[in-house]
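Next up: a single chain in structure tokens, the form predicted on its own.
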């Protein structure tokens, strides 16, 4: 350790992370600068905030009122008129969460680039843009699309979409930004390194999308355009309907601060977060939390039958209020590669990644419209190569929905 790095040493000593400087004296000036930059960028409060998850309290759970798919169909003309009007007036925009890779699909590229077609190329991105373009044409107005990538896949996604001419969407209204990163640790909370001069960093979860949008300067763009509603979706659902006029219309008509598309659980063991009310406020219980609550038997989970599909509509003004206090951080047990003299890839879980969840943003909203969708029309996630929520099941659902693959 050199004398001009005393401030760095104090930061790490206070945080109990002095091991990060074990190789410091042997680094080049450029390597020292990089390690210093990564360490000083760490928000060490994430480790304290992670305790919130362990202490999360469910006071009184109850089913949340559901805006049924039957009602949406009955009122479709009114709802679509409201939604298309809002889009035409520039009040709606999309946020596509695209930080994930196709690793579990055996595909070494961003998941959105994966070819879901059988006889022709149909990327997951193309299916999303097909619907977005259709909505813009119906509304008679293009709307902004903010695409959240990771630091690892941004260039590849940008190049792919530019090569495809954004599938006919107006390129002047497409904006890329990067998800924030958080250090990974062992089970004792010690931060892993990926090399002598770099930390092992991982994306901070889908709940970090708004803070990342803000840190990239795009909240100013949202305000300037007069966008009041942002529809946030996961890219891995190939039947996802983003900036859906009917959904927007229903949320606005209900006077709700946010909307969440929900689907009835296929079975009691489906791994899906359940929407509900917790002590009178909107809430989402992750599937792994549900197991704990059933075992503890401290609150009733009866009647909680609808799960979220990561398609949320947030009022921008209400979202800005969430910036006043940070979101809770969840610890996810993972297999984390690390450097300890050589680079190692563990075969079993060896530490935590620290993530924020979009479901926690729902809990920050004063009200939420739970809007039911039909699984066969809007929910075909691609998470695995085969089996449940896989490439195979997504293709089957696309074919059933009338897509030519």
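Residue numbers count along the first chain shown, from 1. As the structure is a computational prediction, the values presented were derived from the model and not from experiment.
The protein also exists as the form predicted in complex with uridine 5'-triphosphate (UTP); that form is not presented, and the subsequent description refers to it.
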Sole residue of 334, 76, 281, 164 within 4.5 Å of uridine 5'-triphosphate (UTP) in the model of the complex, by heavy atom: 334
Check each of 322, 115, 126, 101 and return the one that places a heavy atom within 4.5 angstroms of uridine 5'-triphosphate (UTP) in the model of the complex. 101
Within a 4.5 Å heavy atom cut-off, is residue 205 in contact with uridine 5'-triphosphate (UTP) in the model of the complex? yes
My question is simply whether residue 234 lines the interface with uridine 5'-triphosphate (UTP) in the model of the complex - judged by any non-hydrogen atom within 4.5 Å. yes
Taking uridine 5'-triphosphate (UTP) as it sits in the model of the complex, is residue 148 near enough to touch it, meaning that at least one heavy atom pair lies within 4.5 angstroms? yes
Although uridine 5'-triphosphate (UTP) is absent from this view, report whether residue 241 comes within 4.5 Å of it in the model of the complex, heavy atoms only. no
Which one of these stretches, 164-172, 68-76, 103-111, 266-274, sits within 4.5 Å of uridine 5'-triphosphate (UTP) in the model of the complex when only heavy atoms are counted? 103-111
Taking uridine 5'-triphosphate (UTP) in the model of the complex, which residues along 237-266 bring a heavy atom to within 4.5 Å of it? none
Are residue 184 and residue 101 closer or farther apart at their Cα atoms in the model of the complex than shown, with the shift being 3 Å or more? closer
